[in-house]
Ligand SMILES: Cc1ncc(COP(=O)(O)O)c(C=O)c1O
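Take a look at this one chain, the form predicted on its own, written out in structure tokens.
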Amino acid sequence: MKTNFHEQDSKIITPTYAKANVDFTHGKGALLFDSKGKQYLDFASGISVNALGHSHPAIKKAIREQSEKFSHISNLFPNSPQIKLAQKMLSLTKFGKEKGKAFFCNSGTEANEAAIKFARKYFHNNRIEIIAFENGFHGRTYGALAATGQEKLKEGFGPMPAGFKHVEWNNVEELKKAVGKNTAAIMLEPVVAEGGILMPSKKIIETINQLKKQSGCLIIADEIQIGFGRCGAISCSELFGINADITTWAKSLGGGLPLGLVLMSAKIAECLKPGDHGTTFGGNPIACAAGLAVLEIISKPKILSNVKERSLQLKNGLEALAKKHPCLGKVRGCGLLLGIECKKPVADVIAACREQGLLILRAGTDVLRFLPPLIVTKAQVNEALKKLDRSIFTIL
């Protein structure tokens, strides 16, 4: 009798995810295959994790080679893969020129927790308030959740940690009023991803930079979903001209393995000493080896050019479908984080796409989100658009 993994999952795994009844067995590039042999175009990428798709040979080689040396030694000793990945990341961002430093952890929410602690430590706890934005998403642990601007995610979990304030996205006047002498940092996603794929206005970026200069507060840029090549550059905050003091990274950084990272300016790193923060598994040698393999590839002009070309192709294709189907609206986002407004129930469209062999996600309440791997081809983007077209017809 064939095993029903969905049924088993529902019996023994905590029900914190609404899981689709699909049993994936393997993947290759932008494709996934299930136990019935059905092929899917993966435009979800494990929620922006699989930047190079599935089963990439460079990642497999890096994992295998490091696993044959050691898999863990703790952060009480220097870690060569960690050092190499930090050097590469610093060299590709402004922090390399500023003699900044890196802190490794295991995930995006941990990176944001660390960033919040580091910002407060910089001010010796004299300035503690973090100004964040409505609709923003920074993680599920308490500090990162307190910074998250979505009240529905906090319901039922008791009081959040104090010291967080939220303002409307792109509301310049509200932000100016919120920043004061107790503000330690303004924290933002350069593109609000989970909250609806919302782009920053030029004015809000200018205002954030001005407020940093005027008040002396820090800027924390959450690059976890949009950075690391997905925007068409390594750093989205730098691409947009956000003068960040701290940037946080995860998702595609580890090549599919758990890995988070905080990059910070030298002035912040100088305030930290042994014991101020820590993690048992953060910067795991195998995860860092995989991350370095990914970074070596996506930092090449060829990959970043492909992101820009496929982004334009996908955006134009989505806009054409919006003219064809009245239930589709405006296209949002940049690079290979794109979304389209949808008047139909988003869950129904996602399910219909899955039936057609296309995996996509939701953003906010009414946006279809597309996160293909950065190596996606022109033919695969065209195929995805055809599958979306057919999916819309099935639910009309």
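These figures come from a predicted structure and were not determined experimentally. A residue's number is simply how far along the shown sequence it sits, counting from 1.
One more form of this protein should be noted, the form predicted in complex with the named molecule, which is absent from this view; the next part is about it.
- Select, from the options 155-163, 262-270, 238-246, 102-110, the stretch whose residues sit within 4.5 angstroms of the named molecule in the model of the complex by heavy atom distance. Selected stretch: 102-110.
- Message: So the named molecule isn't shown here. In the model of the complex, which residue out of 174, 134, 98, 194 has a non-hydrogen atom within 4.5 Å of it?
- Response: Among 174, 134, 98, 194, a heavy atom within 4.5 Å of the named molecule in the model of the complex occurs only for 194.
- Item | Partner-contacting position among 115, 218, 224, 231 - heavy atom within 4.5 Å of the named molecule in the model of the complex | Exactly one residue meets the criterion: 224.
- Task: Flag residue 127 as yes or no: does it have a non-hydrogen atom within 4.5 angstroms of any non-hydrogen atom of the named molecule in the model of the complex?
- Result: Taking the distances in the model of the complex, the answer for residue 127 is no, it never comes within 4.5 Å of the named molecule.
- Message: So in the model of the complex, is the named molecule close enough to residue 256 to count as touching (4.5 Å, heavy atoms)?
- Response: Contact check for residue 256: no, nothing within 4.5 Å of the named molecule in the model of the complex.
- Item | Any non-hydrogen atom of residue 81 within 4.5 angstroms of the named molecule in the model of the complex | No - in the model of the complex, heavy atoms of residue 81 and the named molecule never come within 4.5 Å of each other.
- Task: Please run the contact check for residue 310 against the named molecule in the model of the complex: heavy atoms, 4.5 angstroms, yes or no?
- Result: No, residue 310 sits far enough from the named molecule in the model of the complex that none of its heavy atoms falls within 4.5 Å.
- Query: Can you tell me which residues in 48-68 come within 4.5 angstroms of the named molecule in the model of the complex, by heavy atoms?
  - Reply: Not one residue comes within 4.5 Å of the partner.
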